[in-house]
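One chain follows as structure tokens, the form predicted alone.
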């Protein structure tokens, strides 16, 4: 990990100290400052972030619960490598959580929510024009958070954020390989339209299609890149294809 204190750039106002540390550690993992299988000290992380060890430990416990790190007794922690089988499980969980959330979002949609979702889409298309993948993904994540947020369940929002992050740490992306940023933005349009029309079933269908399509493209891509496909279930999304009723 770099010694220039760059993780501090991730600390943001408006969050608890533990939330800030979680955000900083996630970014450090994503950009490669924290490498898989390398042993890191909680004490050193605390020193670099200029915080006490308590919020670092609490942040590590949350990351461990999300399957991102593993504690080693009296030694520290290691960032875990994500397997292709885990990626498949992530998308199965996202289907279980986000499809009903889309249904509920359409049921409880307000004009404010619809406006915010449409603004996210506009920003996604603008970022696509500039080919700014980081800015695009930030608005993509916000759009999903807005949909999930209609549940009023903060743990649901946090859990899906963790699931999305697990796939991000692979360093794998379908952008410019299986599809363009514009393609991804277009996949969100039916979801936003359905929510705007308060059409619960269509919103659920749109979310289901988007997650299954994204998951399968990423799995196919990882296999082409040499990931071991053993243990994968070829019909991982079958239930969600043959049983669309989320009412």
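All values derive from a computational prediction rather than experimental measurement. Residue numbers count along the first chain shown, from 1.
There is another form of this protein, the form predicted together with the DNA, and it is not shown here; the text below is about that form.
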Give a yes or no on whether each residue among 40, 44 and 55 has a heavy atom within 4.5 Å of the DNA in the predicted bound form. yes
Looking at 51, 201, 196, 212, which has any heavy atom no more than 4.5 Å from the DNA in the predicted bound form? 51
Contacting member of 115, 154, 81, 75, with respect to the DNA in the predicted bound form [4.5 Å, heavy atom]: 75
The chain here is shown without the DNA. Which stretch in 216-224, 65-73, 180-188, 22-30 comes within 4.5 angstroms of it in the predicted bound form, by heavy atom distance? 65-73
Heavy atoms within 4.5 Å of the DNA in the predicted bound form: does residue 235 have any? no
Should residue 16 be counted as a contact of the DNA in the predicted bound form, where contact means heavy atoms within 4.5 Å? yes
In the predicted bound form the CA atoms of residue 78 and residue 228, compared with here and shifted by at least 3 Å, lie closer
Between residue 40 and residue 227, does the Cα distance in the predicted bound form come out closer or farther than in this form, changing by 3 Å or more? closer
